[in-house]
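Only one chain is included here, represented as C-alpha cells and corresponding to the form predicted alone.
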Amino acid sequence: MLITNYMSSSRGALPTKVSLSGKTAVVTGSTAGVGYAIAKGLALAGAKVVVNGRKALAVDEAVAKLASDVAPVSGMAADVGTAEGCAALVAAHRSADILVINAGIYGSQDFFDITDAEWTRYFEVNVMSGVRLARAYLPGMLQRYWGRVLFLSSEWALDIPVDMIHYGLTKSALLSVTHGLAKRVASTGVTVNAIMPGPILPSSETRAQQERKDLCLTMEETLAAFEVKHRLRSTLQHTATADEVANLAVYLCSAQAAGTTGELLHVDGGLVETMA
C-alpha cells in the first residue's frame, strides 16, 4: 500500500509521507474489496477509520483483520441505502473529516424488466446514501475549514451497460453530485472528488469472498469475465487492482491534494479512450 507522495521544491522532488493523523474517516461499504483497501490505506496513513457494512458479522471480521494487520479501527453495521441506516451511522459517529462513499448495488437486468421499485432502490443505495451522509458530515468539515468527500463512481457512468442502465444512471448521478458539491464548498478547505474505476482485477482473497452476500464488493470487482474481454483494449493493457484504487483515494484524502476538487479521476488503464 503506497502512502508516500512527492512534493516539488526548489531542490527538486522530495518524498513526503501522507499523514492523516488526527483525522476521522468514515468509509461506507468497506468490509471487502475496494472499500476495505481504502479503509486500510487510510488507517495506514494514521486516520481513525470507521468501517461500514450492512451485516454485523462482516463488519466485525473486517475490523478484526484491520486491527491485526494495521491498526485499531471502529465498525458500524448499518444499511446506508436507507434513511434510517444513514441516521444510525451518523448518530454513532457524529463527526468525520473524511467521507468515502463506496457502498452500492448492481445487477444485470433488461430495461423493460426494471420496475419502478427497482429504480428507486438503486437510486436510494447508490446515490442517496452519499447525498444523506454528505449532508450530515459536511457542516462539521466546513466549520473546521478542512474536509474530504470522495465518491466511488464507475467507468460505466460514461459507457452505460445496455443490461445495467439503472446502475449506469446512478453512477452518472454521482458525477453531478461531485461537480455541484465541489462548487458549493469552494474555497473552504473542503474538497469533493470522484474516482471512476474500470474493471478491477480480483485478488485471491476477493475471489474467495465473492460468494459471501454480506460483503461489500463492487461490480467492477466481480465482473472478471468482462475484465478479461476488455483488458487488451486499454491503453496500458493493465487492469487496476483494489490497492491501486486505494492509493489514489488516500492521496485525494490527504493535505497534499488540497488543490484537487470537482475532479472525476479514472483508474482504468486508459479504458474509456479505447472503448468505441
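The first residue of the shown sequence is 1; numbering continues from there. From a predicted model like this one, the values you see are computed outputs, not experimental measurements.
Only in words, not in the display: the form predicted in complex with a small molecule, which the text now covers.
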Heavy atoms within 4.5 Å of the small molecule in the model of the complex: which stretch among 79-87, 182-190, 92-100, 141-149?
79-87
Find the only residue in A32, A47, V26, V250 having a heavy atom within 4.5 Å of the small molecule in the model of the complex.
A32
So, Y106 and the small molecule: in the model of the complex, are they within 4.5 Å at any heavy atom pair?
yes
So, K65 and the small molecule: in the model of the complex, are they within 4.5 Å at any heavy atom pair?
no
Using a 4.5 Å heavy atom cut-off, state whether Y137 contacts the small molecule in the model of the complex.
no
Hey, in the model of the complex, is G198 touching the small molecule, heavy atoms inside 4.5 Å?
yes
